[in-house]
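Shown below, as structure tokens, is a lone chain in the form predicted alone; questions about how it binds or moves come after it.
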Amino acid sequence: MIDSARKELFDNWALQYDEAVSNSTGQYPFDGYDNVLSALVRLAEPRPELMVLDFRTGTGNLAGRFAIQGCTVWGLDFSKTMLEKTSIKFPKINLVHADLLGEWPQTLPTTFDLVVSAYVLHEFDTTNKVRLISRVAEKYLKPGGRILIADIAFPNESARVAAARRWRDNWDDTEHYWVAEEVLEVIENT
């Protein structure tokens, strides 16, 4: 569950989030942010008949790309302020206020063709990452559906440590940046 301090942090960040990610050239962790979202959308191959869930939609930067393509989009986030920003930018997106690790409202459809997420799962430890992805796959994904995730990740611990040194001024030790070796080990043992 997300604590009240984290909620307040994201509610406050919502006010300048779009500016922060658009002015991040050369800055960790959002250098190339727009390119990452574009690559995810290309891989998704959006078309109007798709039902899309963007979990932890933030200000709608990823969800909006699918809405523009005519997809039916649902955005889920724990920050009311982030969702308010999304509703202004993309009024056709269906928004749901919920904690990713908590119960999701029954108003949320239970079958999606595509589940997407960008710059979110580094908030959670490996166990919760795998638990959340498994939950989404089991409860919310149509047969043949896909989950596409864009996030900050490293192939191994030494690469993560090197990045922490390189970006020490912007590095956040409270984040749980993906380490592929760790995640694969947990998945294999699940």
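Computed from a prediction, not measured in an experiment: that's the story for all the values here. Note that residue numbering follows the sequence shown and begins at 1.
The same protein also has a form predicted in complex with a small molecule, omitted here; what follows describes it.
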field: Heavy atom of residue 129 within 4.5 Å of the small molecule in the predicted bound form
entry: no
- prompt: Given that the partner is absent here, does residue 64 sit within 4.5 Å of the small molecule in the predicted bound form, heavy atoms only?
  reply: no
message: residue 84 versus the small molecule, in the predicted bound form: is there a non-hydrogen atom within 4.5 Å?
response: no
- request: Examine residue 120 and determine whether its closest non-hydrogen atom to the small molecule in the predicted bound form is within 4.5 angstroms.
  value: yes
task: Only one of 71, 100, 95, 114 comes within 4.5 Å of the small molecule in the predicted bound form by heavy atoms, so just point that one out.
output: 100
field: All of 28, 148 and 177 within 4.5 Å of the small molecule in the predicted bound form, heavy atom check
entry: no
field: Answer range among 140-148, 154-162, 55-63, 39-47 for contact with the small molecule, defined in the predicted bound form as heavy atoms within 4.5 Å
entry: 55-63
